[in-house]
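One chain comes next, on its own, written out as structure tokens in the form predicted on its own.
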Amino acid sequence: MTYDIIQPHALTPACGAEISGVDLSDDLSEPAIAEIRRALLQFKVIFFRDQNITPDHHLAFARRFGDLVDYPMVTGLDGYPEIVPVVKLEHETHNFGGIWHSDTTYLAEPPLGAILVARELPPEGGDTLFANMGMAYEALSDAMKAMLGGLTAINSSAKDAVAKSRKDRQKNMGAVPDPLVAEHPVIRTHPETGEKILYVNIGHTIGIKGMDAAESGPLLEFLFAHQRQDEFTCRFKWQPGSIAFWDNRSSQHYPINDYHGHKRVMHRITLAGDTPV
């Protein structure tokens, strides 16, 4: 796949590419936006370095890729409600979303993706891992693919580990949203590429429809372990001016919580998705 405007530099064979050749504070041309979207589909997650963008630039860039949606569990910034602060303070021990997951699969229409901007970073640590769920699907046996193809996963916002990671950010919200639950195919088809995706995640998937816990538990544990194999992943080291843009339909991510005693502030915008099929 060739590119005329941007220059993607793959991080691993599985996923991830750093993109050079564009300034995201500019009003990018339609061909440049089309190439960035093509890179997102190809690499599952793309990264930009040395970008100096304001919240207004962040919003303008995100809107080139679709409608924006609010994150249902945490309020946005004053004056910029679509921008959610992803924060860990010096005295806190839990990091926001600190477990392997796809974003908000407890919604009927989970996001297309998200764009995360680094605002304040610890001196070391705080890297994020990403994993290719199309590759995870392809690595399954034919018999497992056939069995999973007819199954439906139950996803909840209240699964313990990921719910606990939000508590520090929800302290000043007033009423915390009620738990949200949605059902999606265990294997979804990517709406743009037609790729088959293994679409369960340890952060939100709590069961398989029509199975009791004794049946679904071991199956899900196998799939969760399978998904996070090193050969499906890349690791991104954040620096000032770094931005990550991931396809939430075909990837998972895991922010590493290894910087206790230091502050980390990121700003995230979420793009509207569709109903998985």
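Residue numbers run from 1 along the displayed sequence. Worth saying up front: this structure is predicted, and the values here are computed from it rather than measured.
The same protein has a further form, the form predicted together with ligand OGA, not shown here; the description that follows concerns it.
Contact with ligand OGA, judged by heavy atoms within 4.5 Å in the predicted complex, is confined among 137-145, 96-104, 193-201, 152-160 to 96-104. Exactly one listed residue, out of I83, L116, V186, L112, brings a non-hydrogen atom to within 4.5 Å of ligand OGA in the predicted complex: L116. At the 4.5 Å threshold, heavy atoms of W246 reach ligand OGA in the predicted complex. Interface membership of W238, defined by any non-hydrogen atom within 4.5 Å of ligand OGA in the predicted complex, is confirmed. Contact check for P255: a heavy atom falls within 4.5 Å of ligand OGA in the predicted complex. Ligand OGA in the predicted complex is not approached by C15, whose heavy atoms all lie more than 4.5 angstroms from it.
Although ligand OGA is not shown here, in the predicted complex the stretch 259-277 places heavy atoms of R264, M266, R268 within 4.5 Å of it, in sequence order.
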